[in-house]
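One chain comes next, on its own, written out as structure tokens in the form predicted on its own.
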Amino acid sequence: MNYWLLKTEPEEFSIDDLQNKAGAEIWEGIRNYQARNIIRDQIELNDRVLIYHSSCKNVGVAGVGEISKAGYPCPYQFEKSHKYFDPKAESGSPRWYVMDVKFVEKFSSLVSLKQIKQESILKDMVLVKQGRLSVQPVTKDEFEKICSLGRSD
């Protein structure tokens, strides 16, 4: 099993939105080639993900999800009326990939970026060193530490 951090803007899609879904949710809108390559080439079924709220008042990890369908071509890149349409995408050679994520857990408290930066075990996280990447790897130790912080009251 691998571990990842997925960034989302909670006004667009939050851990609560994921929790309210009956099943899995397509994780779309990734338009960064490095993140696309991770989705396409590395993310696997049943991998665990930290759901990170960004570009908001309370930035941090809000909970955990699980990959229920590994990377596949984004269907919206081919739909002319969709906001994620890409005129350069071709069905035989898609440019963008998505994955399906299902809800696992909402933390009792948000694990803030400030908290993450204060933990020595988390000092080398991609989030701390390359914070803008929307899909990023997390080690098992980092994942477990963040989960323990989120579950503490």
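These numbers come from a predicted model, not from an experiment. When you see a residue number, it is the position in the sequence shown, counting from 1.
The same protein also has a form predicted together with the DNA, omitted here; what follows describes it.
Residues 7, 32 and 52 all lining the DNA in the predicted complex, heavy atom within 4.5 Å: Checked in the predicted complex: all three residues contact the DNA.
Contact flag, residue 102 vs the DNA in the predicted complex, heavy atom cut 4.5 Å: Residue 102: no contact with the DNA in the predicted complex.
Would residue 137 show up as a contact with the DNA in the predicted complex if we use heavy atoms at 4.5 Å? Heavy-atom contact with the DNA at 4.5 Å: absent for residue 137.
Contact between residue 20 and the DNA in the predicted complex at 4.5 Å, heavy atoms? So residue 20 does not count as contacting the DNA.
Check whether residue 24 has any heavy atom within 4.5 Å of a heavy atom of the DNA in the predicted complex, and answer yes or no. Answer no; every heavy atom of residue 24 is more than 4.5 Å from the DNA in the predicted complex.
Proximity to the DNA in the predicted complex, single hit among 121, 89, 45, 113 (heavy atom within 4.5 Å): Filtering the options by heavy-atom distance leaves 113.
Could you tell me which stretch in 66 to 74, 37 to 45, 53 to 61, 103 to 111 has residues with non-hydrogen atoms within 4.5 Å of the DNA in the predicted complex? Answer to the contact question: 53 to 61.
Partner contacts in the predicted complex for 112 to 137 (non-hydrogen atom within 4.5 angstroms of the DNA): Residues within 4.5 Å: 113, 117, 130, 131, 132, 133, 134.
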